[in-house]
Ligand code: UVW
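First, one chain by itself in structure tokens, the form predicted alone.
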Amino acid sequence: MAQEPDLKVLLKNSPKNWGKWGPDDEVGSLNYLTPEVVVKAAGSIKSGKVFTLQVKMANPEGDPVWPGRQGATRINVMDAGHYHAGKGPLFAGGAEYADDYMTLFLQGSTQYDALGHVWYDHQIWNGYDSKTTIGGLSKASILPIAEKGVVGRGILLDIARFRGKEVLDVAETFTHEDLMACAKAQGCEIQKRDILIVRTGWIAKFYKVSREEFYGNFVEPGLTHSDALVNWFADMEIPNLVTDTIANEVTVDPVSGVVLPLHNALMRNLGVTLTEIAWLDDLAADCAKDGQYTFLYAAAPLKVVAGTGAPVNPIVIK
């Protein structure tokens, strides 16, 4: 009988950054983004061009979400119809207004994961007990990340264009060595403490095909686990991995059969922050045009108390 995949076995030799920034740390490898790193990253601005990386929310075309989640729903609670019906509140001077609210999964749009979002063996990031997630994350929630903010040198790694494709195939994988080869082909180099922004074309595909096709054989393309990859992330002191996929890694590891091993090897163990469902096609087209693949990256998710994640609209300045 085949042995069931086990994260404890798969990651037994994986490095950990637990305790590196003290026993109370909740932002992990974002600690690498020091003021000196931010000042140096600002030097990447050449033209002042600005790109935003969030997908549209409550989009009539649909929101790309993990299977089982629902897209955001926006509902008007006040608009001109109320005034035409004689039910709108009256203000001195005659001002009228519209108002609405939205319900959503906190990870149902472009979003940052909290470091306590995924775990194994009863411990989350920095060794906190997984019981701290009950009823809301009292440790390693999205709030400390939101309060810190994320600013550094971003580098776009356009794997889809590097492989001559509009979008990577279902379950197509790549490694850190592929990322380095992609950077070299683009005429740039991944540096220590860079924020990695990886384009696969996957989220753009959501808007081009039927929902049946997009979700029918749902194994996303992405990075696949290896000890060498995890050690490379550790040695390079990567603070943040941003991708245009929903899971930020190939959904099921093709060798071990483990689901989402990098969420554990990178996020749980190293404290690497994961950013998912990013819109990268406009940025990628401009980078291909002007040849500039490095830039200032800035982001801050919403300050949701005890949240497992939160929506974000990252900004890139070239």
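Heads up: residue numbers just count along the shown sequence, starting at 1. Since this is a predicted model, take the numbers as computed values, not measurements.
Here the subject shifts to the form predicted together with the ligand, a form of this protein not shown in this document.
Task: Option touching the ligand, based on a heavy atom within 4.5 Å in the predicted bound form, out of His117, His225, Arg153, Lys139 - done: When the ligand is considered in the predicted bound form, the option within 4.5 Å is His117.
TODO: Using heavy atoms only and a 4.5 Å cut-off, determine which of Lys49, Lys56, Arg69, Lys40 is in contact with the ligand in the predicted bound form.
DONE: After the contact test, the surviving option is Arg69.
- [ ] May I ask whether Leu157, Asp178 and Arg199 all come within 4.5 angstroms of the ligand in the predicted bound form, judged by heavy atoms?
- [x] Zero of three within 4.5 Å in the predicted bound form.
- [ ] Sort through 105-113, 230-238, 128-136, 191-199 and report the only stretch with a non-hydrogen atom within 4.5 Å of the ligand in the predicted bound form.
- [x] Selected stretch: 105-113.
Task: Leu260, heavy atom within 4.5 angstroms of the ligand in the predicted bound form - done: Within the cut-off, so yes.
TODO: Report whether the minimum heavy atom distance between Ala204 and the ligand in the predicted bound form is within 4.5 Å.
DONE: No - in the predicted bound form, heavy atoms of Ala204 and the ligand never come within 4.5 Å of each other.
TODO: Would you please decide whether Leu168 lies within 4.5 angstroms of the ligand in the predicted bound form, comparing each non-hydrogen atom pair?
DONE: Looking in the predicted bound form, residue contacts with the ligand do not include Leu168, since no heavy atom lies within 4.5 Å.
TODO: May I ask you to check whether Glu276 falls inside a 4.5 Å heavy atom distance of the ligand in the predicted bound form?
DONE: Looking in the predicted bound form, residue contacts with the ligand include Glu276, since a heavy atom lies within 4.5 Å.
Task: Members of 230-255 lying within 4.5 angstroms of the ligand, judged by heavy atom, in the predicted bound form - done: Stretch hits, in order: Ile246, Ala247.
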